[in-house]
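Have a look below at one chain only, the form predicted alone, in C-alpha coordinates format.
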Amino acid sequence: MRIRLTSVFVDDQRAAHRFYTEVLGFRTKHEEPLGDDLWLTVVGADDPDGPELLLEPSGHPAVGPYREALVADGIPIAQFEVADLAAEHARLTELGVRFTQPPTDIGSAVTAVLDDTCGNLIQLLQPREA
(Lines give C-alpha, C1' and ligand atoms only; values in the text may rest on other atoms or scores of the structure.)
Protein backbone atom coordinates (compact mmCIF):
# COMPACT_ATOMS: atom_id res chain seq x y z
CA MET A 1 0.00 0.00 0.00
CA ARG A 2 1.25 3.48 -0.77
CA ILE A 3 -0.11 6.98 -0.98
CA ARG A 4 -1.10 7.94 -4.52
CA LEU A 5 -3.11 11.10 -3.87
CA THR A 6 -3.69 13.38 -0.94
CA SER A 7 -5.24 16.81 -0.77
CA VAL A 8 -5.15 20.24 0.80
CA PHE A 9 -8.21 22.44 0.87
CA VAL A 10 -7.68 25.79 -0.82
CA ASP A 11 -9.79 28.94 -0.90
CA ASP A 12 -9.01 29.74 -4.54
CA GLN A 13 -7.75 27.00 -6.86
CA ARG A 14 -6.12 29.41 -9.34
CA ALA A 15 -4.24 31.30 -6.61
CA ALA A 16 -3.25 28.01 -4.99
CA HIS A 17 -2.02 26.65 -8.32
CA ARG A 18 0.18 29.73 -8.81
CA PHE A 19 1.61 29.44 -5.28
CA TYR A 20 2.24 25.70 -5.43
CA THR A 21 3.84 25.81 -8.90
CA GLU A 22 5.47 29.25 -9.23
CA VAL A 23 6.62 29.61 -5.62
CA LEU A 24 6.99 26.12 -4.16
CA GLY A 25 8.11 24.57 -7.45
CA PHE A 26 5.59 21.77 -7.96
CA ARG A 27 4.44 20.86 -11.48
CA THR A 28 0.90 20.52 -12.73
CA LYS A 29 -0.18 16.90 -13.18
CA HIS A 30 -3.91 17.25 -13.89
CA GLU A 31 -5.98 20.33 -14.61
CA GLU A 32 -9.43 19.30 -15.77
CA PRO A 33 -12.83 20.98 -15.42
CA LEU A 34 -15.02 19.32 -12.80
CA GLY A 35 -18.35 21.11 -12.41
CA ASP A 36 -17.69 24.64 -11.21
CA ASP A 37 -14.19 23.69 -10.06
CA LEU A 38 -11.15 21.84 -11.37
CA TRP A 39 -9.55 18.47 -10.80
CA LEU A 40 -6.23 20.16 -10.13
CA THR A 41 -3.23 18.17 -8.93
CA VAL A 42 0.47 18.91 -8.65
CA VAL A 43 3.50 16.66 -8.21
CA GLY A 44 7.09 17.14 -7.16
CA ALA A 45 9.23 18.56 -9.97
CA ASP A 46 11.70 15.68 -9.58
CA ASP A 47 8.99 13.02 -9.14
CA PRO A 48 6.42 13.44 -11.95
CA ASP A 49 5.00 9.95 -11.38
CA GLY A 50 5.00 10.28 -7.61
CA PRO A 51 2.19 11.12 -5.21
CA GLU A 52 -0.20 13.82 -6.36
CA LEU A 53 -1.41 16.71 -4.23
CA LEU A 54 -5.00 17.69 -5.01
CA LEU A 55 -5.71 21.40 -4.59
CA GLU A 56 -9.25 20.83 -3.41
CA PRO A 57 -11.88 23.60 -3.18
CA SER A 58 -12.72 24.49 0.43
CA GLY A 59 -16.45 24.92 -0.11
CA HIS A 60 -17.68 22.26 2.32
CA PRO A 61 -18.95 23.93 5.55
CA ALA A 62 -16.74 21.73 7.74
CA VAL A 63 -13.52 22.85 6.07
CA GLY A 64 -13.42 26.42 7.39
CA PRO A 65 -13.67 25.59 11.12
CA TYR A 66 -11.29 22.64 10.67
CA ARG A 67 -8.58 24.69 8.99
CA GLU A 68 -9.06 27.67 11.33
CA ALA A 69 -8.54 25.42 14.36
CA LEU A 70 -5.38 23.90 12.87
CA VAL A 71 -3.91 27.29 11.97
CA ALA A 72 -4.81 28.74 15.41
CA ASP A 73 -2.87 25.90 17.05
CA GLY A 74 0.02 26.12 14.55
CA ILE A 75 -0.61 22.63 13.19
CA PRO A 76 0.52 22.00 9.59
CA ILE A 77 -1.91 20.21 7.30
CA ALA A 78 0.81 18.65 5.16
CA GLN A 79 4.54 18.01 5.18
CA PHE A 80 6.92 18.27 2.23
CA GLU A 81 10.48 16.96 2.29
CA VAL A 82 13.31 19.13 1.00
CA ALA A 83 16.98 18.33 0.50
CA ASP A 84 18.35 21.56 2.00
CA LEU A 85 15.96 23.37 4.31
CA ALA A 86 18.25 26.34 4.92
CA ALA A 87 18.52 27.00 1.19
CA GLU A 88 14.79 26.48 0.64
CA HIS A 89 13.93 28.77 3.56
CA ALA A 90 16.19 31.48 2.12
CA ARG A 91 14.76 31.06 -1.39
CA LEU A 92 11.14 31.17 -0.24
CA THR A 93 11.73 34.08 2.15
CA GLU A 94 13.23 36.02 -0.77
CA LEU A 95 10.01 35.31 -2.70
CA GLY A 96 7.94 36.76 0.16
CA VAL A 97 6.71 33.53 1.75
CA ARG A 98 5.75 33.97 5.40
CA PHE A 99 7.11 31.39 7.79
CA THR A 100 5.34 30.78 11.08
CA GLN A 101 8.24 28.65 12.32
CA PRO A 102 11.83 29.24 11.19
CA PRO A 103 14.11 26.25 10.55
CA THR A 104 14.23 24.34 13.81
CA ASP A 105 16.39 21.35 14.72
CA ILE A 106 14.17 18.63 16.19
CA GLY A 107 16.91 16.01 16.45
CA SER A 108 16.01 13.59 13.69
CA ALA A 109 15.24 16.41 11.23
CA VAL A 110 15.10 20.14 10.68
CA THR A 111 11.63 21.56 10.15
CA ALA A 112 10.04 24.89 9.27
CA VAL A 113 6.41 25.89 8.79
CA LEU A 114 5.07 28.25 6.13
CA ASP A 115 1.73 29.86 5.31
CA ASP A 116 0.63 28.67 1.87
CA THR A 117 -1.55 31.79 1.39
CA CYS A 118 -4.48 29.44 0.72
CA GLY A 119 -5.60 28.87 4.32
CA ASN A 120 -3.06 26.23 5.36
CA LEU A 121 0.17 25.79 7.23
CA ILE A 122 2.69 23.55 5.49
CA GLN A 123 5.67 21.96 7.20
CA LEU A 124 8.97 21.59 5.34
CA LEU A 125 11.25 18.83 6.58
CA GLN A 126 14.87 17.97 5.95
CA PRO A 127 15.59 14.55 7.49
CA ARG A 128 18.93 14.04 9.22
CA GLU A 129 21.08 11.40 7.69
CA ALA A 130 21.11 8.23 9.81
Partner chain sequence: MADVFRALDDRTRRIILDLLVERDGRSLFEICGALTTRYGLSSSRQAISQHLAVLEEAGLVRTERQGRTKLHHFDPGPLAEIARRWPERKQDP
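Keep in mind that this is a model prediction, so the values were computed, not measured. Positions refer to the first chain, counted from 1.
Below, we turn to the form predicted in complex with the partner chain, even though it does not appear here.
The stretch that touches the partner chain in the predicted bound form, counting heavy atoms within 4.5 Å, is 97 to 105, out of 54 to 62, 29 to 37, 82 to 90, 97 to 105. In the predicted bound form, the partner chain sits within 4.5 Å of a heavy atom belonging to residue 120.
Interface membership of residue 48, defined by any non-hydrogen atom within 4.5 Å of the partner chain in the predicted bound form, is ruled out. Using a 4.5 angstroms limit between non-hydrogen atoms, residue 110 is distant from the partner chain in the predicted bound form. Contact check for residue 44: no non-hydrogen atom falls within 4.5 Å of the partner chain in the predicted bound form.
Of all the residues from 25 to 50, none has a non-hydrogen atom no more than 4.5 Å from the partner chain in the predicted bound form.
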